[in-house]
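Shown below, as structure tokens, is a lone chain in the form predicted alone; questions about how it binds or moves come after it.
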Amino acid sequence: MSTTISMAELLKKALDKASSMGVEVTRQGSLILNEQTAFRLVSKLLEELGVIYLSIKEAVKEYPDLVEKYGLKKVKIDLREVNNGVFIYVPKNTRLIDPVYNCFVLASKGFVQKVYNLVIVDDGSEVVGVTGCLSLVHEAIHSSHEEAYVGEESKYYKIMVHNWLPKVVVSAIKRVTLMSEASYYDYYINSTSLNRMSFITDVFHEGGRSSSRIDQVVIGSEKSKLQYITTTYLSAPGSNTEIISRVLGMGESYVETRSSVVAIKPGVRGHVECRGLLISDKATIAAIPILKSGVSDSTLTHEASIGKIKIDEVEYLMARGFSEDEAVSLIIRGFLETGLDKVPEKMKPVIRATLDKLSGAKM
């Protein structure tokens, strides 16, 4: 028997419960419920349905067996040094039809935020995880490690939006393990300038006929130095993967995407597509596709290109009534759009709004 859970309905229950407890939840049409209160109420309601949604520190104390079984397998970090992070466990045959949201905020100057997230999607289940990372201060460090285990015939959608400030330094490592017929979809957007970014994503296809797709939309602006290293390991027969990147180079930024597919077992397929669009003569984009195979029965392909907006494309749109700025914005918008057909329906309006904003980023 399978279970379907609506996060929207659970949140409504949480708000109703908070109101009955005397907590003021709205004022002049705005939600003002304390975030920690909301988190705990939703967490409790989920727990009654078998879903565990806690801070990582709480999970270590309350569910040490699960943390030990699934955690710290692909990353090495001392949990005593972690000051933030979430733990999500979705039991077998459970489908969460609304996204589970997390937000990590840098709010203190000079603060070093160390995050560890652990996501477990058990056999036959489905979940959409949405993470927003942002900074309210100009000088801080965000260091995160995330592990995800996706069980047999399960689906895990990961949506991440980075929104930093120019002097912030970010280091992120994400490692995902896929079992038989598991599916993983990753959509990432970096929309603002920051000092430096090092982002490593590794996906391990350990089960047969597992699939993954990773879409990255990266905006390099001002003097940002951004590096994205993405590798998928096709370690089981019938597994397949796609890595797609769209990079916009503005200001004096440097953006490097290093996307690799490694075929370890026969009967696997992989594709890498790296595309860059230079808006500034002072920006640099390095698009590096890497294919590696030690077996004859594998199909690995790649495409890579870096270019500028073509004058004839701008003139074509201007001849049809658009201004030059509107024409350039439309071209950028079309370039950045990738993977929207894979994004869960409830997240599409958010992604479209972000892409619309980014398409005018040069203005």
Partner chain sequence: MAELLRIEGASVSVDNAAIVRDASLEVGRGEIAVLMGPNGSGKSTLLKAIAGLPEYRVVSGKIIYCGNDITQLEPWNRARMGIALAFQNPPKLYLKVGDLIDRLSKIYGSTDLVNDVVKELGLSQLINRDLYIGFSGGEIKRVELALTILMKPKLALLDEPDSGVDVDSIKRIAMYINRLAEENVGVLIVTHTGYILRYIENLGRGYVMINGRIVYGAPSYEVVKKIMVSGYGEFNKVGGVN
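Here the structure is a predicted model, which is why all the values come from computation and not from measurement. Residue numbers count along the first chain shown, from 1.
A second form of this protein, the form predicted together with its partner chain, is not displayed here; the remarks below concern that form.
Only one of E273, E181, E252, E139 lies close to its partner chain in the model of the complex, with a heavy atom inside 4.5 Å, and it is E273.
For the candidate set I52, L66, L330, L45, a heavy atom within 4.5 Å of its partner chain in the model of the complex is found for exactly one residue, namely L330. Taking the partner from elsewhere, G294 is found to have every heavy atom lying beyond 4.5 Å of its partner chain in the model of the complex. Taking the partner from the other structure, its partner chain in the model of the complex has a heavy atom within 4.5 Å of a heavy atom of G334. Shown alone here, E326 lies within 4.5 Å of its partner chain in the model of the complex, counting heavy atoms only.
Taking non-hydrogen atoms only, R246 approaches its partner chain to within 4.5 angstroms in the model of the complex. Of the stretches 310-318, 294-302, 66-74, 53-61, only 310-318 has residues with a heavy atom within 4.5 Å of its partner chain in the model of the complex.
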